[in-house]
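Given as structure tokens, the chain that follows is alone and in the form predicted on its own.
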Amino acid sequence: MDIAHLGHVEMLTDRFDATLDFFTRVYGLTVSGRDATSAYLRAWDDYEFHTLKLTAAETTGVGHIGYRAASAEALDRRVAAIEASDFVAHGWVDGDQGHGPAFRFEDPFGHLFEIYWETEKYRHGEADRPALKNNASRFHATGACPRRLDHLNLLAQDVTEFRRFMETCLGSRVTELIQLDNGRLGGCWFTVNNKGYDLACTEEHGGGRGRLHHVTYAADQREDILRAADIFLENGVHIETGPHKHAIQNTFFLYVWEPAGNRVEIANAGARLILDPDWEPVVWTEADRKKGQAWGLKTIETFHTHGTPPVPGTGA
């Protein structure tokens, strides 16, 4: 496996101050760096300098998705595979705060990706020195207080083509998928290591391009998600759906919209790992999905249509 893990996500917001306040005071991330247009944030046990780059923009959505390679040599192998493919390669950039040179490339639906190796590991100070040496920083009880970046979900018009992109460019494997009655893939869940998934792609129903469905951070236990629901309620955050349990991937979830409209999840994935070296993807049918989530909660309509940036004139 040439790719180690999902490293960071850049989220765009046209309400920068309100979004930053949500992610720090309410959601519970901390700021590790700033520049003219962006803030760099992390959860308390993320080992890297940042896992969320929040950028002021005229719109919402995702700016880019960063993956860390497993080594310098692995990065070279991935670059060679991307350059030999028919996917768009943008080439090398210097890298943001927190990591070194990155190779950028694009999926067929307008999402920008990068792979890097050199990274700046977070160095705690006295104020956030952890009691346990194997934690990246001190546990704190600010807001919902998730532990680490977990995954993101992107929207694409053709999930089968997106699957080819992920397998070709990142060497990802599919752990679960939705097979629709019309023959199309309704969604795929991808991993580059032994996590159940680090990226999901579901079918675009709103007519947009390059859109974000959601970004997710993980908490330690289900009770953290219930506590987060009360925190969001007290702070006037729009709770879209949950707390509940997904059938796909078994994730205990809660979805909210931050002030600019980007969907954010806090979740508990439990201890579910894919250790089977010849794992066959779990196939969910359209009939399976019509049963709703794990305990019967029906998927609400906005979950299929809302993405960022919004599509003008559609309400999606």
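A residue's number is simply how far along the shown sequence it sits, counting from 1. Bear in mind the structure is a predicted one, so any value in this text is a computation, not a measurement.
Separately, the form predicted in complex with another copy of the chain exists; it is not shown, and the next lines address it.
Between another copy of the chain and the residues R163, R104, H99, K245, the one pair within 4.5 Å by heavy atoms in the predicted bound form involves K245. Across the options 53-61, 33-41, 257-265, 270-278, residues that bring heavy atoms within 4.5 Å of another copy of the chain in the predicted bound form belong to 270-278. Contact annotation: G110 falls outside 4.5 Å of another copy of the chain in the predicted bound form, judged by heavy atom distances.
Another copy of the chain is not drawn, but in the predicted bound form it has a heavy atom within 4.5 Å of A69.
Not displayed here, another copy of the chain is kept clear of V174 by more than 4.5 Å at the level of heavy atoms in the predicted bound form.
Taking the partner from the other structure, another copy of the chain in the predicted bound form has a heavy atom within 4.5 Å of a heavy atom of P130. Contact annotation for 231-256: residues with any non-hydrogen atom within 4.5 angstroms of another copy of the chain in the predicted bound form are I231, L233, E234, N235, I239, G242, P243, H244, K245, A247, I248, Q249, N250, F252, listed in sequence order.
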